[in-house]
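The form predicted alone is given below as one chain in structure tokens.
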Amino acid sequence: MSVEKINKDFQDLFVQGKELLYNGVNDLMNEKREIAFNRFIEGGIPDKKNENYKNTDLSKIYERDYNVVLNYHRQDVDLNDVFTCDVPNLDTHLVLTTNGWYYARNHELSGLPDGVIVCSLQEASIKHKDLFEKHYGKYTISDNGVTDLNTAFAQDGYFIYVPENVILEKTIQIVNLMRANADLMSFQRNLIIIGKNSQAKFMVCDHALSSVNFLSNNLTEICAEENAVVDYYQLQSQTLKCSLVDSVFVNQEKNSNVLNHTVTLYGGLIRNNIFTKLSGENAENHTYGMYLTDSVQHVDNYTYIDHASAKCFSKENFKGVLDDKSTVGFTGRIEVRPDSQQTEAYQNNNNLLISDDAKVFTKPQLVIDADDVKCSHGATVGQIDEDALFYLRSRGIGAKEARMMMVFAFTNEIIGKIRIEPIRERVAQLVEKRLRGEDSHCDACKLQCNK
């Protein structure tokens, strides 16, 4: 199917589903929906002619004949019973979404500090109108059709607000579940607002509970206000039939500190877009990523860190291990604006190929328009050090175990950046299991569907 035909199908879907799309949400959401749709008509799905998508052919995943659910469908089972998190000693507030919608049967969250709001985006757009309108759509960059497509079709997702001077002791865990009897495409929109002097941690998990083909176009906006501290972890572990296009837009005000950490364990085609704007002085950002690929997986990470204010710091490090015929793309762009003096910005991408057929395309970039800065970037692509492997084998360690140890050591730097101990330990276990070639589907899913 041609890109033109895909774009035309979306235009028809928008016109046919307009009544459902516009129903029950804030007027601002629909205003932005109309603007985004008009932009999409002009630009369409980004193809390989787009420099930022030259390594990922989105037409391959969008050409399939998916169902699109434009209103909430109640599940025939209680997903709280189907999904249970098996991370030991992890005490979290658990929130579920299903097929891009806030799950209607979520357990009520108890023990939240006064003023904290956790609800559906659709509900927030009506019940918390002033707060919603102040932030919704403010932090997105509409430089490609993926963002516009989400804005045009999204109706729901999760909304989280932490007011000023509040410290959330427990992590909020959001589990995005995909479950259907036929191929399905979803559009989920999320908004997280962390007030001045507040702190919060989030763990987002992507899972599939059915063996059909899924395509998720998810977009999350995160606002970290002055002196806010935010940890945002994402664990992507689906199936080869799942495609995920995930966009995260982070805005940081003065003295804020954000850790954004993405671990990609399994999936078919995954495209991560991570946009960060350091809007206030002395903002600090840490963006980390790790990906393990095999079979015919394709993972593409695009990051853009905008140093829009002076005296800010950013550190970015992505590492990946590629096996079989998998392919990976990485494009990292750091921009330092003319008035952003005394900036420190560091970017690195390291890749380990353990198969002759695996391929990686990496493109780190620096755009510096200020003179008082400390900036660096780099990328490496290599294979296992045979001398180090020989050393381990000479100490009585078998070849397979020695290789696994070396690969795990390569990834351990990124795992160590996780600041929540139970999550760090569990990710280390999942990575080791993945590297040993053991079963890749999620242990927590009682359905145990096939890859």
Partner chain sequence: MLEIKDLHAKVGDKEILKGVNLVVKPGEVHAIMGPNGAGKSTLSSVLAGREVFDVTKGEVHFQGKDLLALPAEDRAREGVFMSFQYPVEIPGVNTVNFLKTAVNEHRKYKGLEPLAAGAFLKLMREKQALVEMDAKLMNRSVNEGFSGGEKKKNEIFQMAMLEPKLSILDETDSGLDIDALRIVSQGVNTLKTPETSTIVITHYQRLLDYIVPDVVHVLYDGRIVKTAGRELVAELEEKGYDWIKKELEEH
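Numbering follows the first chain given and starts at 1. Predicted model only: the values in this text are computed from it and were never measured.
One more form of this protein should be noted, the form predicted in complex with the partner chain, which is absent from this view; the next part is about it.
Using a 4.5 angstroms heavy atom cutoff to the partner chain in the model of the complex, none of His107, Leu112 and Cys119 count as contacting. Using a 4.5 angstroms limit between non-hydrogen atoms, Met406 touches the partner chain in the model of the complex.
Taking non-hydrogen atoms only, Asp387 approaches the partner chain to within 4.5 angstroms in the model of the complex. The partner chain in the model of the complex comes within 4.5 Å of no heavy atom belonging to Asp27.
In the model of the complex, the partner chain lies within 4.5 Å of some heavy atom of Glu401. Only one segment in the set 422 to 430, 61 to 69, 43 to 51, 409 to 417 has any non-hydrogen atom within 4.5 angstroms of the partner chain in the model of the complex, and it is 409 to 417.
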